[in-house]
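The chain below stands alone and is given as structure tokens, in the form predicted on its own.
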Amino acid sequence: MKALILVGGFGTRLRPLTLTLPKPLVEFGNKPMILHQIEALAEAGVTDVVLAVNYRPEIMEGRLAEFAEKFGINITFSIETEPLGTAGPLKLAEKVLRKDDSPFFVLNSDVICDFPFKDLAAFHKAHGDEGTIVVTKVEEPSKYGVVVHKKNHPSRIDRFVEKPVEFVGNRINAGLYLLNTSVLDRIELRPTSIEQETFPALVVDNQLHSFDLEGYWMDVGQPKDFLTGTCLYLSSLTKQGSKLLTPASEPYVYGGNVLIDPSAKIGKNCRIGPNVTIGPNVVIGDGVRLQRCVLLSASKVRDHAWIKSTIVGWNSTVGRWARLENVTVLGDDVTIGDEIYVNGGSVLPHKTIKANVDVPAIIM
């Protein structure tokens, strides 16, 4: 089987981290975002993965070559000279996707979930039509485009309703698809939307079904959603009884859902959790409080700092008695001075903050 991952461009929604690394290589749960997807695809029997990009892929090529060798799959880049939307990249990669007649997966690189590729493939084969969209249930469907089924049919899609005022359903597009190669005949090589053009055409011909996603789902392309997605991912690991998590019996673990790389160093009298990820070679001082945050590799947190709802970038340092909260994001090599307060700051790489940031702002 084959898969196409829609990577897109620069990744401005997750700045300042993407000024240093392409978004697919930013660590989520202590491994590159895209590695979660590649592992799941390889496990489902996918042998060819195409990355659709319209921003320089050179930085990714080396890392992805490692992943390709590790999992025994072919990874190729399909580079757009102009952004082609969400359907155009499929046509551009047609040569690989038509390598054989088997259907192919399509997924957005920002999506994180328990990827159900094997079950999705079995469901798609069983209904025998051209396309399947993975859907997830949400509590407030009025914020999204909602998938509505045919009357008296459990999966065949009747129409899409954008941000419905009245309740018509609670299933939304989860950004994961399985499509027959015949769908490529419906797409032109131009900027075009799979959601607004290709899928409605399939609906008209009664060729599109939905597949319900079990468990958590999140588009982690924005910092606040990255943090929410981290909480959901860690909770999922807890439900699975994963040995990746730090045991709750450790004296510094508070509330569970804590993932700490073995190379990290933790000081005395710390309180860590719930929902904390600590990357490789991170150094935590004494008396530190961490909650709902991500500390990327080689970052340092000095004694008695308090960090909540924050992403601390690679090689960054948080000073003694500093306080960070409200979706603060530190880029690579940022220094927060002692006793400094940062409220929702987005700090670009290689900056030193010596004064409080009382109001959310981008620090350039």
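Take the two forms, superpose them, and find the largest set of C-alpha atoms that agree within 1.5 Å; that set is the rigid core. Start at 1 and count along the sequence shown; that's the residue number. The structure displayed is predicted, hence computed values, not measured ones.
Keep in mind that the form predicted together with a small molecule is missing from the display, and what follows is about it.
Each of Leu84, Ser109 and Phe160 comes within 4.5 Å of the small molecule in the predicted complex, counting any heavy atom.
Although the partner is absent here, Tyr177 sits close enough that one of its heavy atoms falls within 4.5 Å of the small molecule in the predicted complex. The shortest heavy atom separation between Phe71 and the small molecule in the predicted complex exceeds 4.5 Å. Using a 4.5 angstroms limit between non-hydrogen atoms, Asp219 touches the small molecule in the predicted complex.
Using a 4.5 Å cutoff between non-hydrogen atoms, Tyr144 counts as a contact of the small molecule in the predicted complex.
In summary, among the residues Val327, Ala52, Met60, Leu296, the only one with a non-hydrogen atom within 4.5 Å of the small molecule in the predicted complex is Ala52. A heavy atom within 4.5 Å of the small molecule in the predicted complex is found for one listed residue only; from Asp114, Glu80, Asp225, Asp261, this is Glu80. With the partner omitted here, the stretch from 123-131, 97-105, 241-249, 169-177 that lies within 4.5 Å of the small molecule by heavy atoms in the predicted complex is 169-177. Asn170: CA moves 2 Å or more between this form and the one not shown after rigid-core fitting. The two forms, fitted on the rigid core, differ between this form and the one not shown by less than 2 Å at the CA of Phe211. The rigid-core alignment places the CA of Phe160 2 Å or more apart between this form and the one not shown.
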